[in-house]
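Take a look at this single chain in structure tokens; it is the form predicted on its own.
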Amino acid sequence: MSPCDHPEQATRRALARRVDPRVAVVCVLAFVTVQAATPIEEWPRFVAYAGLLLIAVIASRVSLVWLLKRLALALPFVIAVAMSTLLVRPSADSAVRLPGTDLMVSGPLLILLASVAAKATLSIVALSLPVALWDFPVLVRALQALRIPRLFVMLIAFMWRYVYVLGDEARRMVQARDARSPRGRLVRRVLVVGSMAGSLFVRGYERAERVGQAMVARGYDGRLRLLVPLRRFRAADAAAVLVVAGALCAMRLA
């Protein structure tokens, strides 16, 4: 334990040393697949899924504030996808008009809306746990060890890396905008944000071209070489995967 480590961080690192990252990846993928395939009408199963996820959160000692921040980042996308279900044509016999709008909402639409919100929330929390316990190169190495298609692993690695690059570009553009002009009216601010989004796309494309040419010049051949050793997969790791898979099957089929 490093002297500068917070006790909670030290506990999470100790757990990460005891648990193989491949076990976490397989369990999370199984959890997301099973709960996504469960109809929302079977709501007691989702209560069981949430209980199992709560046990994993408590065991991993992940901060609740940290998880809520991740949910807040994904909340606009979840709301956008969930509200898009309102555009589905409702059945005439069960449709209800929303007050003050022309939207017609039916019972099946409300069930679909709840399904999207619940499944997205559970998936985001489950996918956040491995990221909180292990460094991202370790998770990428675990995906390689599980024989995930190379193109898929490469896309995940590049997306994770260049999200921060685009964030830096956007931060510099915002600083330049604030330095050159004060905040104006709402309409002008919206137009400026739209122009910035287009400029950010062009800059990101040009930056990607330069990075790709630099990688090829340094001998990149399409394979990720990570100097992250993984320990031997043990019987205890296989048992952990079987326990989680059995619990999920019991919740789904009971």
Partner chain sequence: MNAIEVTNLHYTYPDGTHGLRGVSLCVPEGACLGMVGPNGAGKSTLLLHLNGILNGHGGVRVFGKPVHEDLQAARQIVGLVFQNPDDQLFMPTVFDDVAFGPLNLGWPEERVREAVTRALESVGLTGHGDRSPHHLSLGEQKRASIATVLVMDCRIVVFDEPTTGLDPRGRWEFIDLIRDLPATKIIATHDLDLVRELCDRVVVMDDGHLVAEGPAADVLADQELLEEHGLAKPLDG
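Rigid core: the largest C-alpha set superposing within 1.5 Å between the two forms. Numbering follows the first chain given and starts at 1. The model shown is predicted, which means the values in this text are computed figures rather than measured ones.
In what follows, reference is made to the form predicted together with the partner chain, a form of this protein that is not presented.
Enquirer: At 4.5 Å between heavy atoms, only one of the stretches 218-226, 36-44, 189-197, 56-64 reaches the partner chain in the predicted complex; which one is it?
Expert: So the stretch in question is 218-226.
Enquirer: Even though the partner chain is not shown here, does Asp168 get within 4.5 Å of it in the predicted complex, heavy atoms only?
Expert: Within the cut-off, so yes.
Enquirer: Does the 4.5 Å heavy atom contact test between Val211 and the partner chain in the predicted complex come out positive?
Expert: Result yes; Val211 sits at the interface with the partner chain in the predicted complex.
Enquirer: Would Phe152 sit within 4.5 Å of the partner chain in the predicted complex, counting heavy atoms only?
Expert: It does not: once the partner chain is placed as it appears in the predicted complex, Phe152 has no heavy atom within 4.5 Å of it.
Enquirer: Within 4.5 Å, heavy atoms only: does Arg207 come near the partner chain in the predicted complex?
Expert: Yes - in the predicted complex, heavy atoms of Arg207 and the partner chain come within 4.5 Å of each other.
Enquirer: Using a 4.5 Å cut-off on heavy atoms, which residues of 131-150 contact the partner chain in the predicted complex?
Expert: The stretch 131-150, when checked against the partner chain in the predicted complex, contributes Phe136, Pro137 at the 4.5 Å heavy-atom cut-off.
Enquirer: Using a rigid core alignment, state whether the CA of Ala208 is displaced by 2 Å or more between this form and the one not shown.
Expert: Yes, the C-alpha moves 2 Å or more.
Enquirer: After fitting the rigid core, is the C-alpha of Pro149 off by 2 Å or more between this form and the one not shown?
Expert: After core superposition, the C-alpha of Pro149 moves less than 2 Å between this form and the one not shown.
Enquirer: After a rigid core superposition, would you say the CA of Asp135 moves by 2 angstroms or more between this form and the one not shown, or not?
Expert: Comparing the forms between this form and the one not shown, which are aligned on their rigid core, Asp135 does not shift its C-alpha by 2 Å or more.
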